[in-house]
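Next up: a single chain in structure tokens, the form predicted alone.
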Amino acid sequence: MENDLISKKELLELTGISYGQLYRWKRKMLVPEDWFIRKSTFTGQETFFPRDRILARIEKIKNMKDDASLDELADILSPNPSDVEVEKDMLVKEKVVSEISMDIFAQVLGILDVFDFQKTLYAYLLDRMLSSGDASAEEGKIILKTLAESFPAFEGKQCDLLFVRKLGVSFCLLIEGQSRISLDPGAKLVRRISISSVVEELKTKLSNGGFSDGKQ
């Protein structure tokens, strides 16, 4: 666990940002409150962060801050869904989601001509699992059902999707982000995905693709 964390001192030295910048970004909610982890050390209380997530987040902020205001960045980086609605054909045309994934989506959650952000997220996560080879088409249906049934309870929160196989049987679950898990020795964790990170990625992709708030 310690290897998964980075101290505030090391973070500031490694990224070249100032203490003031870090806490301004925190106030603007560009860096989630729950990423600031207070731990006791031999020198007293120190602040640590989840290493991979904070480094990726700061890199993204630094790359985007010249082209967007901090408020605009906060909206992109927020785990909350946006108000965007996109036509199915446009998502396929712009290669946000493949036609195969859309067909599986229709079988499980019904045929839609227009996708709100949440449904786009489900289809996008499915597409990632299929394109990586981590899930088959039938397993993709399990993922979609889990998202549809469970994700609304996590909306706006940091959460992870876990895809697991045991003895040829696949199952999927959602857990609070950064939570530790302990699986049966006979079970294999095929993939763990930070949905919050995927929300950021999808918002950025839709923004760069010219999808604005409202129906496209």
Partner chain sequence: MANNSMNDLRINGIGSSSGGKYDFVQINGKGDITGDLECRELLINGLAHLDGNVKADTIRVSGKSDFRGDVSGNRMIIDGMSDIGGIVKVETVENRGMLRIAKDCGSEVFSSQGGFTVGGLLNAGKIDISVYAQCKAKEIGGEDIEVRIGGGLSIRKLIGSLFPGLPLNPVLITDTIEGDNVYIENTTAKVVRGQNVKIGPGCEIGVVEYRESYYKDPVAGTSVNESRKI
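Numbering follows the first chain given and starts at 1. Keep in mind that this is a model prediction, so the values were computed, not measured.
Same protein, other form: the form predicted together with the partner chain, not shown, and the subject of what follows.
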Since exactly one of 27, 188, 62, 39 fits, which has a heavy atom within 4.5 Å of the partner chain in the predicted bound form? 27
The chain here is shown without the partner chain. Which stretch in 30-38, 52-60, 170-178, 146-154 comes within 4.5 angstroms of it in the predicted bound form, by heavy atom distance? 30-38
Tell me whether 13, 17 and 46, taken together, all sit within 4.5 Å of the partner chain in the predicted bound form, counting heavy atoms only. yes
Decide whether residue 192 counts as a contact residue for the partner chain in the predicted bound form under a heavy atom distance cut-off of 4.5 Å. no
